[in-house]
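This document opens with one chain alone, in structure tokens, the form predicted on its own.
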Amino acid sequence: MDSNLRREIILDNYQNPTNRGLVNDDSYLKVNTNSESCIDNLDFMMKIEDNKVKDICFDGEACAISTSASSILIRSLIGKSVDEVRNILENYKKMINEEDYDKDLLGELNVYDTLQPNRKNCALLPSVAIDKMLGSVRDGRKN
């Protein structure tokens, strides 16, 4: 991907993130995640119904990489089954860690395929949060 296009996508998702703002709804799972090496401190909420991700939202303070990764990841996951979400997250983590992954599966998330090592944790933060929420779900129901 062209580096100018990469910067444009990241900046746009930082300045105008998808689903920013939390909801007051007890049917959502909620988790906080933060970085020890950056300002990132984000709350994530996710609603799962019938084994599908119906909604994900987030809020908090974070750098451009964490905020934009949250925005793009959320957009990529809403409407997917829990298994599809797990597959996307696994491939996303492999990409960030420079392992073999399914590039076609990740779509716009491919903008993070050449991050500087000190920015990888920032890009992984939203996937860690979503993984935590999925860990409390079995077969689409809260444990």
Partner chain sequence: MNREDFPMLNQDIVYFDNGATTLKPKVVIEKMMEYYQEYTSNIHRGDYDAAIKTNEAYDGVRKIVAHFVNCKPEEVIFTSGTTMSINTVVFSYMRKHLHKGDEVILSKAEHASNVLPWLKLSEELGVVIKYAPLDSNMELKVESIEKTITEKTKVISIAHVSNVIGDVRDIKAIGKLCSEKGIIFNVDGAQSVPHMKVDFKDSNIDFLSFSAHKMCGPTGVGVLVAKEELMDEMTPLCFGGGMNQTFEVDGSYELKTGPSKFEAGTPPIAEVIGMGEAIKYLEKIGMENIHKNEVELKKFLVSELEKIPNIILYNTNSNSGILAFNIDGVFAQDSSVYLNSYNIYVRAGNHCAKILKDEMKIKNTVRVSLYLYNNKEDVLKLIEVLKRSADIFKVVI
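Numbering follows the first chain given and starts at 1. Keep in mind that what you see is a predicted model, and the values were worked out from it rather than measured.
The form predicted in complex with its partner chain exists for this protein as well; it is not shown, and the discussion that follows is about that form.
Asker: Does the 4.5 Å heavy atom contact test between Ile130 and its partner chain in the predicted bound form come out positive?
Answerer: Ile130 lies outside the contact set for its partner chain.
Asker: Using the partner position in the predicted bound form, report whether Cys122 sits within 4.5 Å of its partner chain, counting heavy atoms only.
Answerer: Contact with its partner chain, yes.
Asker: When the contact criterion is heavy atoms within 4.5 Å, does Asn41 count as touching its partner chain in the predicted bound form?
Answerer: Although its partner chain is absent here, Asn41 would touch it in the predicted bound form, with heavy atoms inside 4.5 Å.
Asker: Quick check on Ile10: any heavy atom within 4.5 Å of its partner chain in the predicted bound form?
Answerer: Judged by the heavy-atom cut-off of 4.5 Å, Ile10 is in contact with its partner chain in the predicted bound form.
Asker: Can you check 76-84, 44-52, 59-67, 102-110 and let me know which stretch has heavy atoms within 4.5 Å of its partner chain in the predicted bound form?
Answerer: Contact criterion met by 59-67 only.
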